[in-house]
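Next comes just one chain, in structure tokens: the form predicted alone.
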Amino acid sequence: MPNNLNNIERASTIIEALPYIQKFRGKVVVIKYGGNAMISPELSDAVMEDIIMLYLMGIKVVLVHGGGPEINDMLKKIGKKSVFKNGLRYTDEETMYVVQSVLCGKVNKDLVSTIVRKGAKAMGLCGMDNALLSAKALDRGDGEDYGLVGELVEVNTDVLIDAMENNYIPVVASVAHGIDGNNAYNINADTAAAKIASALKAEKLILLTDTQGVLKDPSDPSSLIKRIYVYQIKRYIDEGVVTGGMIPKLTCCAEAINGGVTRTHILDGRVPHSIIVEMLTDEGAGTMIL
């Protein structure tokens, strides 16, 4: 009897997913991947399995990745200190060499290999490939020198659309082609994912993070804010509900919504299969911004 009940529960879960599969089939979903979900082999496997499941359901997935911990490790190996200014990695020429080598090389190709090994087709790309991402030097107007940190000015969607039409999952490293004299720029992966999602008019942008979502009280998991409208973001920031690294993430989500993305999500990448829970169940996960 318990086995029968378990099978009934499994069947119910699949049936619950059916309307979501119908809704999202053929639509574009952009997923930003990084943090602990990238470091832990178990969590990494869960993310890749979620992506492949969406792919096999006919959902067009674009995976955008960072690789901060790997970059930190490589800089440490060569005796170079990681420097951050206002949440961004200061990127001199030597650091840019490491960023480009690690992100466009090892991290990107490892992800592609994992996806292929698990049964899907993937194409590794970085923003320099056919000027997929074009950028100029970042100027926030704050007088800070960020080095070779870039501000995205254009996304060449043809590269991504061609890959998806040929049944590939594009896996994009957040390094951009420079248009103002420098060959390459380091781009924040959240920003890159938001710009790509906007350019593709994606159905969803999903940011995997190291937090449960947006919490009213960071020490209280039960204070999760499940739904935020764009017009509420400034109020939450002004009231101090949203602070630190969550501010740029919400800003990216707002920019994506204003750029034509239907809905955006901030999910806990430390929870296995949080992508599937969000996309294919009634309850969902994390914080939705719409």
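In case it trips you up, residue 1 is the first one in the sequence shown, and so on. Just so you know, these numbers come straight off a predicted model, no measurement behind them. In this text, the rigid core denotes the largest set of C-alpha atoms whose superposition between the two forms falls within 1.5 Å.
Heads up, the form predicted together with another copy of the chain isn't pictured, but that's what we're talking about next.
S.K.: If we define contact as a non-hydrogen atom of the residue within 4.5 angstroms of the partner, is residue 255 a contact of another copy of the chain in the predicted bound form?
M.R.: Close contact is absent here: in the predicted bound form, residue 255 is far from another copy of the chain, nothing within 4.5 Å, heavy atoms only.
S.K.: Is residue 218 close enough to touch another copy of the chain in the predicted bound form, meaning at least one heavy atom pair within 4.5 Å?
M.R.: Looking in the predicted bound form, residue contacts with another copy of the chain do not include residue 218, since no heavy atom lies within 4.5 Å.
S.K.: Are any of the heavy atoms in residue 100 no more than 4.5 Å from a heavy atom of another copy of the chain in the predicted bound form?
M.R.: Yes.
S.K.: Can residue 57 be called a contact residue for another copy of the chain in the predicted bound form at 4.5 Å between heavy atoms?
M.R.: Yes, residue 57 is a contact residue.
S.K.: Counting non-hydrogen atoms within 4.5 angstroms of another copy of the chain in the predicted bound form, say which of 137, 131, 153, 83 makes the cut.
M.R.: It is 131 that has a heavy atom within 4.5 Å of the partner.
S.K.: Among 203 to 211, 186 to 194, 138 to 146, 102 to 110, which stretch has residues whose heavy atoms lie within 4.5 Å of another copy of the chain in the predicted bound form?
M.R.: Stretch with heavy atoms near the partner: 102 to 110.
S.K.: Select from 108 to 122 the residues with a non-hydrogen atom within 4.5 Å of another copy of the chain in the predicted bound form and write them out in sequence order.
M.R.: Going through 108 to 122 in order - heavy atoms within 4.5 Å of another copy of the chain in the predicted bound form - the hits are 109, 110, 112, 113, 116, 117, 118, 119, 120, 121, 122.
S.K.: Determine, after fitting the two forms on their core, whether residue 12 shows a C-alpha shift of 2 Å or more between the shown form and the other one.
M.R.: Where the cores coincide, residue 12 still shows a C-alpha shift between the shown form and the other one that is 2 Å or more.
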